[in-house]
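Next comes just one chain, in structure tokens: the form predicted on its own.
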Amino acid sequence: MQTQTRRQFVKRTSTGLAAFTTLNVLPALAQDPPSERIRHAVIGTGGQGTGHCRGFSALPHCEVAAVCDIDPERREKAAASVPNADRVKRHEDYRRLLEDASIDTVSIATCDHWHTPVALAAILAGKHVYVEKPCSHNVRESRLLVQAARAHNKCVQHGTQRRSHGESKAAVQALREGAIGKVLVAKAINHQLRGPIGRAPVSDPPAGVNYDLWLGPAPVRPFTRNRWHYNWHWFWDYGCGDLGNDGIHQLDVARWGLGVEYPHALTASGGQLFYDDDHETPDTQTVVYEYERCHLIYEMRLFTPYGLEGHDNGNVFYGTDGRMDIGRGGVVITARDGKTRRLEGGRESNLEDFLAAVRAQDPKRLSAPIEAGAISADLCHLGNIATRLGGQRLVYDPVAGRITHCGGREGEANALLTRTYRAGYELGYRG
């Protein structure tokens, strides 16, 4: 997609993306000259990545042109899920995909420890990026990703898609307008049942899998099924626990609703009260983020097959004149007198918002820009650091990028703000 053509296209579509249905996608694609379509690539084709393939393919004026995954079985399945399956290029190595100058945008749905390395490489290759949450595996990566996006003026959208939802936007607007008075506390609640994973023995990787490339910057460990598809979330080498996996959605909404960024301090506690298996990350975790005029409380319980506080995963805002609940069931405001009212709003697409910003060549149009995503990701990382160091009260300086207080364990805490990258897999951008 050439720059001049894109500019001409933007002029003709300045009102944004039109509404669409699956039924009219294929005719729209057929009518568009190839030069006027965004050519998109998906890197990482598990459940989320395959969803990206379908989601981007369903958008007008967008074509999934390539997919990339270490697992050949997943790679083929994802490619087969799009309308133009016969024309989709397949790659094992993301670096080969990024060499394709015809690719305009990429989405990244790999393991967490690959999010930033791939995103940085994509930005340097001239691509716009949609990166799944959390955008980084550590705080240093967050900082580099923000710097690279700004330096190269690329649209980098974060996968905290609730920022595109009409209900969430209506909720935040109502909070700003004082719907429940002065908001002093927000809860980000992650409670669900995630069953045990057992103990998996060392085994050979699946046939055709380049396990060394899958490990990438992480230390070399023997392959086990529990370090593989999805269960990698529960190992610190590759994931960020469920705080970074699912809790980041609730944490991001809480932070958005409160209108806050980095806290002046936080306290965390967590561990395994339920699991007795290969998990390294907690099944139970509480983090209190302290701000000057409010508190943000994260609560995680992965052993609860039932809804709490009126819904499952979600948020509760507590104000001087009432409370607001945000969950999968919608947004409900409860006044001091017990009367309730529901807020309505559409469910817009985070993917659609991303492509609209790309067409406009304007990162400011992103609904979940990397600057916001990086802060929410960092709150997850800082909560995990405090938890891993035994429930320390932690003070982080976002300007210096340093932890200035952690109960005498500042050295250990600051070491966890980054990682040691395995030789040959160092970050390709240093800021």
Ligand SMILES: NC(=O)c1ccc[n+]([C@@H]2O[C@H](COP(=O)([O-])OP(=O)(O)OC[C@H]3O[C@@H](n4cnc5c(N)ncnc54)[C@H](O)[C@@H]3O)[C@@H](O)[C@H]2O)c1
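Computed from a prediction, not measured in an experiment: that's the story for all the values here. So that there is no doubt, residue numbering starts at 1 and follows the sequence shown.
Below, we turn to the form predicted in complex with the named molecule, even though it does not appear here.
Comparing 219-227, 148-156, 110-118, 293-301 against the named molecule in the predicted complex, the single stretch with non-hydrogen atoms within 4.5 angstroms of it is 110-118. In the predicted complex, the named molecule stays beyond 4.5 Å of every heavy atom belonging to D283. A residue is said to contact a partner when one of its heavy atoms sits within 4.5 Å of a partner heavy atom; T45 meets this definition for the named molecule in the predicted complex. In the predicted complex, L213 approaches the named molecule with a heavy atom inside 4.5 Å. The named molecule is not drawn, but in the predicted complex it has no heavy atom within 4.5 Å of A374. Against the named molecule in the predicted complex, the set R163, E167 and Q361 makes no contact: no member has a heavy atom within 4.5 Å. A single residue from the set E352, E132, D242, D325 has any heavy atom within 4.5 angstroms of the named molecule in the predicted complex; that residue is E132. A heavy atom within 4.5 Å of the named molecule in the predicted complex is found for one listed residue only; from K187, R74, R143, R255, this is R74.
With contact defined as any non-hydrogen atom lying within 4.5 angstroms of the named molecule in the predicted complex, the stretch 348-384 contains no contacting residue.
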